[in-house]
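In the block that follows, a single chain appears as structure tokens, in the form predicted on its own.
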């Protein structure tokens, strides 16, 4: 039986096993998908397990999307450009890393019918999925992207990777149309941003990459008349759909049944 894992730290919140096993069962695929709280020293062994056939695929989440790269043989174009990997499998004898987060983010915005081509956008955070979000926004012709991270040096590294990014101090909020929480703040109920959202006007899109829990302090801060609130569920679903397609050459369904099952 084929075996797949999502690896990260923390990993308790991940709904990937619930979703992927649902799709495996509904598509009559003999495989099992689990989760592993991993550490840096585990990454090499996990990739070796794919090479020798003990494992068939990995999903990579925080904080290993970049750290996994030295242990891979090949990167897809998107993974190479963003230096971020969230999906791994054996392809033509090579342990290969892919980035499906780009598709996940882009498709989630398309589902909202949200056009970024004339929008000012702030991204909070500089790790994990942020290179993929920047890449997708640039692909969709976003004209102004601000980047803010508690450790400013990490934001500067991303500025060097992508042209036209403006790094701003943590807590500073210039005028914006869309703000994205790409930090881990919100995974725990008592997480605080230490950012004052009270003076932010309406007609803003608050996009939280976190999908579990479904409501966070960030989404609550943006929950004002005229604003759009979007959590990371659709992004999660679309990136997972692409990963499933890479592994099994089948595009699984995303429908009300799947969403209801995840939220049950």
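Note that the structure is a prediction, hence the values are computed from the model and not measured. Residue numbers count along the first chain shown, from 1.
The same protein has a further form, the form predicted in complex with a small molecule, not shown here; the description that follows concerns it.
- Residue 91 falls outside the set of residues with a heavy atom inside 4.5 Å of the small molecule in the predicted complex.
- Using a 4.5 Å cutoff between non-hydrogen atoms, residue 79 does not count as a contact of the small molecule in the predicted complex.
- Remark: residue 63 counts among the residues lining the small molecule in the predicted complex, judged by a heavy atom distance of 4.5 Å or less.
- At the 4.5 Å threshold, heavy atoms of residue 139 stay clear of the small molecule in the predicted complex, well away from it.
- Checked against the small molecule in the predicted complex, the residues 108, 149, 87, 132 give one hit for a heavy atom within 4.5 Å, which is 149.
- Stretch 119 to 127 is the contacting one of 119 to 127, 172 to 180, 69 to 77, 100 to 108, since its residues have non-hydrogen atoms within 4.5 Å of the small molecule in the predicted complex.
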